[in-house]
Ligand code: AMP
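Before any questions on binding or motion, here is one chain by itself as structure tokens, the form predicted on its own.
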Amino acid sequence: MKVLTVGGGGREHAIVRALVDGGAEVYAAMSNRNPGIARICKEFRLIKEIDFETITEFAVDAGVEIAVIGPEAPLDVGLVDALSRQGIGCVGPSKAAARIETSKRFMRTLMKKYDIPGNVYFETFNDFEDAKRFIVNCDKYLAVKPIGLTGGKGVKIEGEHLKDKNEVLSYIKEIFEKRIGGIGVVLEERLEGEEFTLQSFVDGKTVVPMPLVQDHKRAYEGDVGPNTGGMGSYSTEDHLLPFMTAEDFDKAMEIMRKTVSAMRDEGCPYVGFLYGQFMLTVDGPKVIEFNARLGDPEAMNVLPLLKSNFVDICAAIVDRNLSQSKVAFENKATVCKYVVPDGYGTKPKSGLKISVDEEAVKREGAQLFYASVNEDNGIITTTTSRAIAVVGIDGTVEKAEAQCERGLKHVTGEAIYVRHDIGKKELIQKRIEHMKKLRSQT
């Protein structure tokens, strides 16, 4: 099967590898020359990922049968709609359905309209003065979110990133003045608990879950520093997480299914990968946000565990005949850690050379995924974002983490950084104790 992929990050490298392993002939459109994708695809073009006209021309010329969309930006500009008009089936939502991610107002309002569990108290504003009047009279701690896309870095929490209401107001003013994520802001109650990610395959009606993953957004060890796109993540061999119960998982799945049902009732059926970012609270799972694609780094935790053929799953999504029986994962744990340029999250350095011994990483049993790097004459250099991910896969988180660390020793360079505490026993135990303490207070 000829398959188009869009995107040049670590998530897309994982997608392309899973497609090639499934027997697909891959045609990749990406804005940077990802060496991992370039080496295994049939053909690639360097195209801006929001240039849907050029991407569609490439897909038609290549004679692709289906398309798998990686990042959110092309969904926002209507790439799926353009490809669909050419008869190309897409694993990714239409522009209207992608609003579940691209408009936080749409997502919260949808959940409220259909009385979907897991929603939170929220207000939305298109004007700074209106938001200011609300803040002055608000006694809740708030999460401040630009309405549109910000690359996973626009959300700031009062009491964490923002010291007090004055800093909340300053950030809201900045959002409006700089048009961060468009025009508008969503103010939500701050949630307390543990975050987790539930990703699912969706064909418009059926929702099939993937193993749960916990991402780590903060830049530095000990969960401090600025928010990032994600420094790394882990999953466990039972596909739950150590601080969660099977009942917690079932409640999160109920939220996902009701959301997909609501999208269908709204006249914009959701097709593709649906990513639910949840906070596990004493009142059960609450929705932080939905994303209209696989997570990065979470895709690198789950796709290598697939026992089923990924191409067959994608075809089932396109043909609207997905079922649980078509999807199976290995019962193994994973730990993913990103190599990033110094300053990532604030003022990252670009153009740094990185040396990678891929064969040595393989000998350690780990997997390597290239992300936001460039390759020229065999020389790999950083951009201003995450560079390379190494994933350990083994029977337990402890073994997977050790394997990941062995693999990371074969990725070297100056002015690069890794959050080594991800997947460590001490940090996971901290998560467990946190939830125990919260539950004991009820």
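Heads up: residue numbers just count along the shown sequence, starting at 1. The shown structure was predicted, so the numbers you read here are calculated from the model rather than taken from an experiment.
A second form of this protein, the form predicted together with ligand AMP, is not displayed here; the remarks below concern that form.
K.L.:
Taking 4.5 angstroms as the cut-off for heavy atoms, does Ser84 touch ligand AMP in the model of the complex?
P.N.:
Although ligand AMP is absent here, Ser84 would stay clear of it in the model of the complex, with no heavy atoms inside 4.5 Å.
K.L.:
Hey, in the model of the complex, does Arg99 get a heavy atom within 4.5 angstroms of ligand AMP?
P.N.:
No, Arg99 stays farther than 4.5 Å from ligand AMP in the model of the complex.
K.L.:
I'd like to check something about Ile157: if you look in the model of the complex, is any of its heavy atoms closer than or equal to 4.5 Å to a heavy atom of ligand AMP?
P.N.:
Close contact exists here: in the model of the complex, Ile157 approaches ligand AMP to within 4.5 Å, heavy atoms only.
K.L.:
Could you tell me if Lys112 has a non-hydrogen atom within 4.5 Å of ligand AMP in the model of the complex?
P.N.:
Lys112 lies outside the contact set for ligand AMP.
K.L.:
Of the listed stretches (353-361, 315-323, 143-151, 367-375), which one has a non-hydrogen atom within 4.5 Å of ligand AMP in the model of the complex?
P.N.:
Heavy-atom contact with the partner occurs in 143-151.
K.L.:
Which of Asn227, Ser103, Thr124, Ser261 has a heavy atom within 4.5 Å of ligand AMP in the model of the complex?
P.N.:
Spelling it out, the residue with a heavy atom inside the cut-off is Asn227.
K.L.:
From the list Glu289, Asp76, Asp248, Glu194, which entry has a heavy atom within 4.5 Å of ligand AMP in the model of the complex?
P.N.:
Here the answer is residue option Glu289.
K.L.:
Candidate spot Lys332, Ala402 and Asp421, all three in 4.5 Å heavy atom range of ligand AMP in the model of the complex?
P.N.:
No.
K.L.:
For a quick check, can you give me the residues of 307-331 that have a heavy atom within 4.5 Å of ligand AMP in the model of the complex?
P.N.:
None of them.
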